[in-house]
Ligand SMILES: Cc1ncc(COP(=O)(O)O)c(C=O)c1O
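Read the single chain below, which is given as structure tokens and is the form predicted alone.
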């Protein structure tokens, strides 16, 4: 049978593929040092797990409203109202099957065939594919390593045309950890208001910001930006809940309502048990979040100098999330011409899993997750040190 053109345009997820290869090696009895996962290595906090167990025991295992249980939608509205200083109502939120579905649903609701969506690069692997699934055209705007990969509003503005419907903003960024500065966010908000363009914020790592830099949204300019702002959040990274699959979106009511109709014909509601666990996450004790962030910050501080000292490597310090995005161009050559070849070589020879920068729109780089124990991270860097040294000796 013939496949749709839509499916034929979509590439497989490189991050998922790296995880699959790591699992295959482990099944063969090979010890693998996995720096590929985009998920915390911590357990879901106890009070959140208990809320899920309690929901099962109380029989909260049936369909919920498509847009989510009222208590959780209200909690999301309260979260954004308090954080942004701009009022949100429960009706302006929707609960989704993970942050990924939230982003996908927004694009499906806003983008028509031929519309353009501006995507800064390096980008999360799914952004361009989601745009293509919606029938749109991703317009990639490069950021500069010398500028810490920070987004510049003037570059975004130069890429916008009358066909631009959405600008994707991922802060902190996956894979670079870059955080959007206030002046740039304010300029983006003004651009969106002037041209009627949606600013779609992926806030998956909003609580994982280091140094003395704030996490900002377009609402930093005031409540007038609410009409062009869509905030997509997730419990996955903040609360170590990747497998629970709970995300949420806050935006204008005229967008949220059709997203609910669309979700009603795809997944229906997010898992009922997971929603009750997410409610406990958002409204309960936030101490585990602070503890996880502190451990990620410690790993970043300890490992960055080691990474920067590896042969053939240079690396910008990430300001958020839990990834390093080192430049490895000096290691590429006739034997390993691309970062994809290098990542494959590292799995096969050093048994270290990384993700090729080409998956994020930037060949010549690797993404390394530090969401792993210090023992795993230290051994992985030892192995990379030897592997990179050998490659340079051969060149």
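Predicted, not measured: the structure shown is a model, and the values here were computed from it. Numbering follows the first chain given and starts at 1.
Below, we refer to the form predicted in complex with this ligand, which is not included among the displayed structures.
Chemist: Can any non-hydrogen atom of residue 210 be found within 4.5 angstroms of this ligand in the model of the complex?
Modeler: No, residue 210 is distant from the partner.
Chemist: In the model of the complex, does residue 124 have a heavy atom within 4.5 Å of this ligand?
Modeler: Residue 124 belongs to the contact set for this ligand.
Chemist: Does residue 100 reach this ligand in the model of the complex if we count a contact as any heavy atom within 4.5 Å?
Modeler: Flag for residue 100 set to yes.
Chemist: Check whether residue 72 has any heavy atom within 4.5 Å of a heavy atom of this ligand in the model of the complex, and answer yes or no.
Modeler: No - in the model of the complex, heavy atoms of residue 72 and this ligand never come within 4.5 Å of each other.
Chemist: Check each of 229, 176, 105, 170 and return the one that places a heavy atom within 4.5 angstroms of this ligand in the model of the complex.
Modeler: If I apply the 4.5 Å criterion carefully, the residue I get is 170.
Chemist: Only one of 94, 185, 281, 204 gets a heavy atom within 4.5 Å of this ligand in the model of the complex. Which one?
Modeler: So the residue touching this ligand in the model of the complex, by this definition, is 204.
Chemist: This ligand is absent from this chain, but in the model of the complex, do 143, 148 and 364 each have a non-hydrogen atom within 4.5 Å of it?
Modeler: Checking in the model of the complex: none of 143, 148 and 364 is within 4.5 Å of this ligand.
Chemist: Report the stretch among 231-239, 295-303, 253-261, 282-290 that approaches this ligand in the model of the complex to within 4.5 Å, counting heavy atoms only.
Modeler: Among the listed stretches, the partner-contacting one is 231-239.
Chemist: Is any part of 30-65 within 4.5 angstroms of this ligand in the model of the complex by a non-hydrogen atom, and which residues would that be?
Modeler: Just 38.
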